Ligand SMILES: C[S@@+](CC[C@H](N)C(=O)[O-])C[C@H]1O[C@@H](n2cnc3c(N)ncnc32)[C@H](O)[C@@H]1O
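Shown here is one chain on its own, the form predicted alone, set out as structure tokens.
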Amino acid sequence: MIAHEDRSGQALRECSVGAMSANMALMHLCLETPDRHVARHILDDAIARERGAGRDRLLEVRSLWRETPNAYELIQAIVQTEAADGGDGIARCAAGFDAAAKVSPIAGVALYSLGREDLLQQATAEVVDDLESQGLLEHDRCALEIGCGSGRFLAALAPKLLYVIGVDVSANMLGHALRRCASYRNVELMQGDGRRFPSLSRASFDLALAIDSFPYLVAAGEDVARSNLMEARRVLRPNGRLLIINYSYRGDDDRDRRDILRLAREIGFAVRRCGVRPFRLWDGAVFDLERTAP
């Protein structure tokens, strides 16, 4: 149990000092313990040791778990879908997200939502607010989302943009996106191969988004990540922006920054933000790239 206590205990310690949100702490607790009883023991023990504001933050974790009683089982079920076998990295990714969509399309695209639509929408709104703060959302602009999942960002951005296209490798996730975006005439969905977008015209988008999708591309191989970066540059207009939120799940921020800086230089992007974490509800690292001319 000691190893589990060390890993999950670190998340709870970060939460107690205000460095991690309650939902993220609960996600880590559920991910890194062998069963819900051990998780509950670790949480209760951490609460008993804390005082003041730290204890209040951990009590928020416990309250969130009580409001979401199936959080542990749901997170474990989603993790199991990532173990899909067969094919290359992209094929495994597609199979994993197809399976996750059947378990929970909400938790499948954002494990830190704990399967709750309210948390998903709050986290989505944080990203949209960040895009607006950067001046990237205008009604005459077109956007592409690489790895659109169940369509939460397509639905959030459709009222703010002229046109939005979402690409994903998972047919099941695209089915959920189709239902989520059914009322928006300016949203189009495409099933991609995880590498290229041959049907999309050169210099036709002002903005490209890759939100929690690049970790799976990186895991499939740097050639896959590079191909997506090159395609994003091809379809972006000069000075168009590519926002990657989370480049990898390797747990090495410095390596991610080095890789982004190197690939951006080689492919033709200027780096405006490199690995900043502006969000409250999750730890997404923002890599904000601008397509250089010509």
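Because the structure is a prediction, the values reported are computed rather than measured. Note that residue numbering begins at 1 and tracks the sequence as displayed.
One more form of this protein, predicted together with this ligand, exists but is not displayed; see below.
A.B. asks: Determine which one of 72-80, 155-163, 188-196, 133-141 lies within 4.5 Å of this ligand in the model of the complex, judging by heavy atom distances; exactly one does.
C.D. replies: Result for this chain: 188-196.
A.B. asks: Only one of L119, L207, C93, A177 comes within 4.5 Å of this ligand in the model of the complex by heavy atoms, so just point that one out.
C.D. replies: Among L119, L207, C93, A177, a heavy atom within 4.5 Å of this ligand in the model of the complex occurs only for C93.
A.B. asks: Flag C181 as yes or no: does it have a non-hydrogen atom within 4.5 angstroms of any non-hydrogen atom of this ligand in the model of the complex?
C.D. replies: Flag for C181 set to no.
A.B. asks: Within 4.5 Å, heavy atoms only: does G115 come near this ligand in the model of the complex?
C.D. replies: Contact check for G115: no, nothing within 4.5 Å of this ligand in the model of the complex.
A.B. asks: Scan 202-222 and write down, in order along the chain, each residue with a heavy atom lying within 4.5 Å of this ligand in the model of the complex.
C.D. replies: I211, D212, S213, Y216, L217, in sequence order.
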